[in-house]
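What follows is a single chain, given as C-alpha cells, in the form predicted alone.
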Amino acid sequence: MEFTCLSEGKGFYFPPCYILDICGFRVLFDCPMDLSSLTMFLPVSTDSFTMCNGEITSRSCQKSMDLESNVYKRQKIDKPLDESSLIRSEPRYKIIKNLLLWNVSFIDVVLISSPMGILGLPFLTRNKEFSAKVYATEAAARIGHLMMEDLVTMHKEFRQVYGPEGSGSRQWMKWEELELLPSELKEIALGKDGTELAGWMLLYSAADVKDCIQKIQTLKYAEEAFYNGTLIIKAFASGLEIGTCNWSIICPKGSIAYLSSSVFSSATAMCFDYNSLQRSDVILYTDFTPCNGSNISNDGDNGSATADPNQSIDNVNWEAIADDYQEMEKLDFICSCSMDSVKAGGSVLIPVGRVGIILQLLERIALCLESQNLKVPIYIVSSVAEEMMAFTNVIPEWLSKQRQDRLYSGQPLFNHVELLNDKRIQLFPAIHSLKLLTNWQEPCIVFCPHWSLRLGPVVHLLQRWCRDENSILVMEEGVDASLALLPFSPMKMKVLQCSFLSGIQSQFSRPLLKTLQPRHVLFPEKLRQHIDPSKNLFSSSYYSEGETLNVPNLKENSELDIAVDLASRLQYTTLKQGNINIARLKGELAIEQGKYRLLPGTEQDVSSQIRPVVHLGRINLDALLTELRKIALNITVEETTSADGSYKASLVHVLKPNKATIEITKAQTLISTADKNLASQISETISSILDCF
C-alpha cells in the first residue's frame, strides 16, 4: 500500500487531501478548494456601475484604465498593501496543485468526509476521463450541493461586472503582472514554493454541479458499500459537523481507518463514533488540530478538565470535559456582544459558514432578544437559505442525541421552525430581493455568505456598515483578517474573530489511540513533536505534503472461504514431513465482499478426473543413499559449491551397473543417464522417499 499526501489543508474550510493505493485501487480522500485565497481579489462594490463617456461602465474598469502604465506599475510595487493592491478581475478558484499531477482516469474511488471536501469535486467530474466511484454521506452530499449552488449564484455578480466567462480573467496570471504583486499576494497566487499558479481555475457552472451530484453514491452511517467486490467501505460519524464522517476500508490485505478531524461531543451533529474504528490494522491520522495553537487546550484553561493519557477514551469523564462546553461559552459571548451592538443602534453581520454554528446562534440570539425584550429582526440572506433551513429540520438520524430527544418529545429539531413561523427570522434569496428591501429594518442581525468577505451579500452589507462603530462583524479564524478587511478600510465596525473547535484536541489523542488499538498509525510530520513513540503500543510513521509513503502490510495471512460443496470433495493425505494434512482441489478464485473465495468451477468434477501424481518435499540425502544401495547401485557422493557461494549442490555418482549422475539442489533434482531403465529405477527410488498425492 502507498499513501500520498496531496495537501495538508488549512483547517475546517480547507480539509486535507490524500490518495491511498490499496489492493490495486487508488482512493482519493476529499476534493476541497482553498476559498481563503479569494482574499487576493477585490470584491464587487455597491457602486460598481458608473457613467463613463455616456455609457455604463464598471468602477473597476475605470480604476484599471491605466493598469498598463509604467507609473501605475511602479506605484504598485513601492506603496504598502492597500485596497488598490488587490486584483481587479473575475476571481479564479484555487484547487490542490498536487492533484493536477494525477491522471484522473487512474482514480478509482473518491471518499468525501465533509461538505467542504466536496467543493472542488466538479473540477474532476467535468473531466471526460473521470470514471471513479464517489461516496459521501447523504447529509454531506446535500449540504455540499447547496453550498456549491450558492457559490455559483454569488459568482454571477462578478460576471455582471467583468463580462462573459474568462474574458480578461487571465491578465493577472501573466508573469510580468505576478512580479508586480506585493509579497503577501504573490505567496497566495504562487504558493511558498512558487509552483501553485496552475491550481487556479475558472469556477464550474450550475450544470457541472448537477452532473457532479449525480455521480455521488450516498450512504448512511455504518452502511456498507462494496467496490469491485474487493473493498468494503463504511462511513462513521466524526462529530465535527452535520454529515461529516471518518472512513473504514476493509480488504483482503487488512483494514484501514481514515481518521479525519473529529469532535467527541457536539451540540448538533451525531457524536464521534470511535468504537467502530477499533482494532484497525492501519489508521491514517489526518487531524491537524494539535498544530493549530488556537485549538490546543492547556491544563486548567477555561475551567475544563483534561484527559489522563494513560487511560482509554471510554473512561474519560465527558461531563467534566465536554468538547461543546467551551463552544457554548464562545456562542454566549457572541450573543452578548450582539446584544450590546443592537442596543447601541448598530447591526450584527455574521458570515459564518458552519451549519451547526449558525443553527445554534439562531436559537441563542433569538432567546437573548426575547429575554431582553428587543424587537430586532433576524435576516438570513442566501440563495439556498430556504432549502438549507428546511433540510436541517428533517434529518434526525444525522443529529446529536439531544436533538433526537427533542423529536421524540414532540418538539422540532431546531427552534428556527417556530422562529420562522413567528416571523422573528426571515429568509431572503438575495440582498437586492424586493421583499427584503420592503421589509428592511435597522438595527438588525444578518446571517449571510461568504466567510471569505469577497463575494455574496456580506460584501454589500460590509460596505454599508464598515463606518458604523456601533455595528459588529463576527468572523471565524481561517482567513487572514487584515487582508480580508482591506477593501473596507478604514474599518470602524467592531470585528469579533472566533475560533471554533475543528478536531481532536491534543490531550485526547493518546487516550483515543489507546482505545482504538491499531497496529500501525500514519501521523502528519507536523505532529511528531506531539507524539511520544516510547509510550505507544503501536508502530508509527510520518508523512509530509507531496510525499508518498509505503504503508506496511501488517496482515500476515489472508483468509480464504471455500464453498461447502467444494470442501466436501476434499480428500486429505497426511504428509510424511511435518505431520500436515493436504488435499488437491480445483475451483475458481474470486474476491467478494472484501474476502478471497474459492468457488466450484464449471468444468467436470475433479473427483472424476485422472490427475497426475504430485510429489513434494525436500530430499533427505542420507535416506536417498540408503535406498539406492538397497537396489544394488554402486554410488559415490560429492558436494560442490560455486566460487561466490551462491550455488550449492550434492552430486550422487552411480558407477555400476551403468553410469548416472543425480544433482540435488534446493530448487530441483536432476537425473542424468543414458540408460532409460536406470533413470526410471532412480526416479522411483526418489519418489518413494517423498510425499505424494
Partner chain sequence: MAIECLVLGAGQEVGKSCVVVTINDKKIMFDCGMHMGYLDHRRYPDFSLISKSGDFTNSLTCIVVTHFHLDHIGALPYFTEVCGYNGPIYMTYPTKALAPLMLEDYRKVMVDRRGEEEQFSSEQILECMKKVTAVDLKQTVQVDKDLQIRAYYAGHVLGAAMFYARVGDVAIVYTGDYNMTPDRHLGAAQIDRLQLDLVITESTYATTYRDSKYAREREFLKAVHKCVAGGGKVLIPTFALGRAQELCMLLDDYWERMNLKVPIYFSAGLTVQANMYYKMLINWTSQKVKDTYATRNAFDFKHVCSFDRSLINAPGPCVLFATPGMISGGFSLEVFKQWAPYEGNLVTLPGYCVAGTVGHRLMSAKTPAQINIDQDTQIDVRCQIHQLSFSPHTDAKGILDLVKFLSPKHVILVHGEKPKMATLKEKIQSQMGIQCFDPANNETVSIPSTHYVKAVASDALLQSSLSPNLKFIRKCSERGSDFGGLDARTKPGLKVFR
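Residue numbers count along the first chain shown, from 1. All figures in this text were calculated on a predicted structure; none of them were measured in a lab. Throughout, rigid core stands for the largest set of C-alpha atoms superposing within 1.5 Å between the two forms.
Form predicted in complex with its partner chain: not shown, discussed below.
- Using a 4.5 angstroms limit between non-hydrogen atoms, residue 666 touches its partner chain in the predicted bound form.
- The shortest heavy atom separation between residue 615 and its partner chain in the predicted bound form is within 4.5 Å.
- Interface residue remark: residue 683 is counted as part of the site for its partner chain in the predicted bound form, having a heavy atom within 4.5 Å.
- Taking the partner from elsewhere, residue 560 is found to have a heavy atom lying within 4.5 Å of its partner chain in the predicted bound form.
- Only one segment in the set 494-502, 219-227, 450-458, 93-101 has residues whose heavy atoms sit within 4.5 Å of its partner chain in the predicted bound form; it is 219-227.
- Annotated contacts: 270, 407 and 413 all touch its partner chain in the predicted bound form [non-hydrogen atom within 4.5 angstroms].
- Distance criterion of 4.5 Å from any heavy atom to its partner chain in the predicted bound form singles out 253 from the list 133, 145, 253, 155.
- Put simply, of 207, 564, 434, 583 only one has a heavy atom within 4.5 Å of its partner chain in the predicted bound form, and it is 564.
- Although its partner chain is not shown here, in the predicted bound form the stretch 359-393 places heavy atoms of 386, 387, 390, 391, 393 within 4.5 Å of it, in sequence order.
- Comparing the forms between this form and the one not shown, the C-alpha position of residue 682 differs by 2 angstroms or more, with the core used for superposition.
- Core-superposed comparison between this form and the one not shown: CA of residue 671 displaced by 2 Å or more.
- Taking 2 Å as the criterion, residue 38 does not count as shifted between this form and the one not shown: its C-alpha moves by less than this amount when the rigid core is aligned.
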